[in-house]
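In structure tokens, the next block holds one chain alone, the form predicted on its own.
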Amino acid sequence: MSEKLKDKIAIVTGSSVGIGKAIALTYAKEGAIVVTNSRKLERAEATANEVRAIGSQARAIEADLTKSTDIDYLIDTTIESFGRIDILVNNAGIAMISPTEDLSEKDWDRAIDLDLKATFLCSQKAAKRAMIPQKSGVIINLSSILAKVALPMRAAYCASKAGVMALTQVMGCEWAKYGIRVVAIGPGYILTELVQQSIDKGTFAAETLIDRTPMKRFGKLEEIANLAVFLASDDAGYINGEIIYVDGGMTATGGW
């Protein structure tokens, strides 16, 4: 087991599947104590069990991050269990696909509440209750290439992820004086379970996305997780307020 994140207390939201799960397991391999999260306890516990199988400690916490009281529970339970929070990964999110003229207010609110508001509240509460008092911490926000380039029928998602980018910059500047770094990862098309399901359903064509990507392939989960390790480690000690795109060059081309 590596020592990059040895004994660091890391919360990874939305860590039952996809990128969040990959980050949680990779953090465990690097020696972190991992708090897993999902809206359903059994799903968070499943990832926690995989963390334990790697040889690290884990705590599974059920929390619906669209509810402020659940965020309080997530943050406070982590502090009560481990005494501190060293790393917060704001990964939980949802994508709404709809023509903008038909996008309902309810669906707009769901996307903004989980993708943007929850990122703000988790960061605020973790900073105020743990990271500012301990004078250290790293917050990693999951944004998207769609913070930079538009995609039709993703109005709420694009808006929320652009908001995450701006929030990252503000918090990074504001909290640097407390020894806290805030950074963001902007994934392109990573071959998660959700992306594979969308391809299978015909929501978008894999060939089209690959053709638009200079590297001519999808990203791998480990390519996001390994970056999340680097950004949380002392190796990235002078990186703050930045968003790093992991997209095979797609945004460099203008995206579309």
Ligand SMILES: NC(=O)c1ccc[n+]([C@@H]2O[C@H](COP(=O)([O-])OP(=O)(O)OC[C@H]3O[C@@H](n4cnc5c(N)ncnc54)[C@H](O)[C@@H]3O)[C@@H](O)[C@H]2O)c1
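Just count from 1 along the sequence shown to find any residue number. If you're wondering where the values come from, they're calculated on a predicted model, not measured in any experiment.
The following text describes the form predicted in complex with the ligand, which does not appear among the structures shown.
**Student:** So the ligand isn't shown here. In the model of the complex, which residue out of Leu231, Val51, Ala60, Leu65 has a non-hydrogen atom within 4.5 Å of it?
**Tutor:** Result of the distance check: Leu65.
**Student:** Please state whether all three residues Ser144, Tyr189 and Leu194 have a non-hydrogen atom within 4.5 angstroms of the ligand in the model of the complex.
**Tutor:** Yes: each residue has a heavy atom within 4.5 Å of the partner.
**Student:** Looking at the partner-bound form in the model of the complex, is Leu25 within 4.5 Å of the ligand by any heavy atom?
**Tutor:** Because no heavy atom of Leu25 falls inside 4.5 Å of the ligand in the model of the complex, the answer is no.
**Student:** Does the 4.5 Å heavy atom contact test between Lys29 and the ligand in the model of the complex come out positive?
**Tutor:** Result no; Lys29 lies far from the ligand in the model of the complex.
**Student:** Answer yes if any heavy atom of Arg39 is within 4.5 Å of a heavy atom of the ligand in the model of the complex; otherwise answer no.
**Tutor:** Close contact exists here: in the model of the complex, Arg39 approaches the ligand to within 4.5 Å, heavy atoms only.
**Student:** Is there a heavy atom of Leu114 no more than 4.5 Å from a heavy atom of the ligand in the model of the complex?
**Tutor:** Because a heavy atom of Leu114 falls inside 4.5 Å of the ligand in the model of the complex, the answer is yes.
**Student:** Given a 4.5 Å cut-off on heavy atoms, tell me which of 125 to 133, 157 to 165, 171 to 179, 100 to 108 is the interface stretch with the ligand in the model of the complex.
**Tutor:** Within 4.5 Å of the partner lies stretch 157 to 165.
**Student:** Going by the ligand in the model of the complex, which residues of 89 to 124 come within 4.5 Å of it through any heavy atom?
**Tutor:** Residues within 4.5 Å: Asn91, Ala92, Gly93, Ile94, Leu114.
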